[in-house]
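The form predicted alone is given below as one chain in structure tokens.
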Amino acid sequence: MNGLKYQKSIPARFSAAAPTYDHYAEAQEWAACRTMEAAEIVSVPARILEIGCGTGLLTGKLADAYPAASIEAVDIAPGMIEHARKSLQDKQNLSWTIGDICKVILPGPFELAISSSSFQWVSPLGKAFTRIRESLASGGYLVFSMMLKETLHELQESRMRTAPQKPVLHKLPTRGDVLGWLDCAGYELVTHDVVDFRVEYDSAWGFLKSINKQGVTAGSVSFSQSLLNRVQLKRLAIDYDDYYSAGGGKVYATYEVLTAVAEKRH
């Protein structure tokens, strides 16, 4: 799979995962709550742009917290938008846009742009930051949480031990990468932190099923020139069970999450 096909696979994989995503999205639910807490620094916004709304984990929280605000929710995966639209059909302050944040028309100005667990899939992220800034009102804020490079590092390590001939070809950004792109795009960083969030699974197979049901296999944590075959997957599962036991037959996986608040630079 070349780079172009890799980019095209993301909307398809996440659309396919829409019906099962929420059931397995423990880390994403946690990140959405962190994002809402970080957004409290912003005065009550009249217009909100949500980037990468997915199935609406954050969207519903925004609609409840800011019932008088107009919320524009954007996602690249049609299936995700459809799922969110149906699950939040009782909310009257939501509008939906399907498309790439780097390309769609953003009907600003917005006082708040917000995103949770989606920026790690956006490329180039620096360009997205610039486009979002252009849609913000003077003094507007960008608030987000996203996964960083060490997310699911256990999976990468296990894969390198069991199938070194099929390495993952893409990496998630580091904290330094993201903060640098924010600065170049014209933001003043207000606050940020990085937290490792650990999730436990019944087994390595349970973990692999979970990320598949979230559509994560479309992204940077697993993209390679060729898929693992059944024998390699079996070896990986055995290796993962051995190396990353959480006790009681369970295993763990780590999500490295950056939460940041940035203000549009004057």
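From 1 onward, residues are counted along the sequence shown. Owing to the predicted nature of the structure, the values given are computational and were not obtained by experimental measurement.
Below, we turn to the form predicted together with a small molecule, even though it does not appear here.
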| property | result |
| --- | --- |
| In the predicted complex, residue 109 touching the small molecule (heavy atom, 4.5 Å) | no |
| Proximity of residue 178 to the small molecule in the predicted complex, heavy atoms at 4.5 Å | no |
| Contact test in the predicted complex: residue 255 vs the small molecule, heavy atoms, 4.5 Å | no |
| Contact flag, residue 77 vs the small molecule in the predicted complex, heavy atom cut 4.5 Å | yes |
| Joint contact, 45, 66 and 144 to the small molecule in the predicted complex, by non-hydrogen atom at 4.5 Å | no |
| Answer option from 122, 71, 136, 88, heavy atom within 4.5 Å of the small molecule in the predicted complex | 122 |
| Among 155-163, 136-144, 186-194, 98-106, the region lying within 4.5 Å of the small molecule in the predicted complex by heavy atom distance | 98-106 |
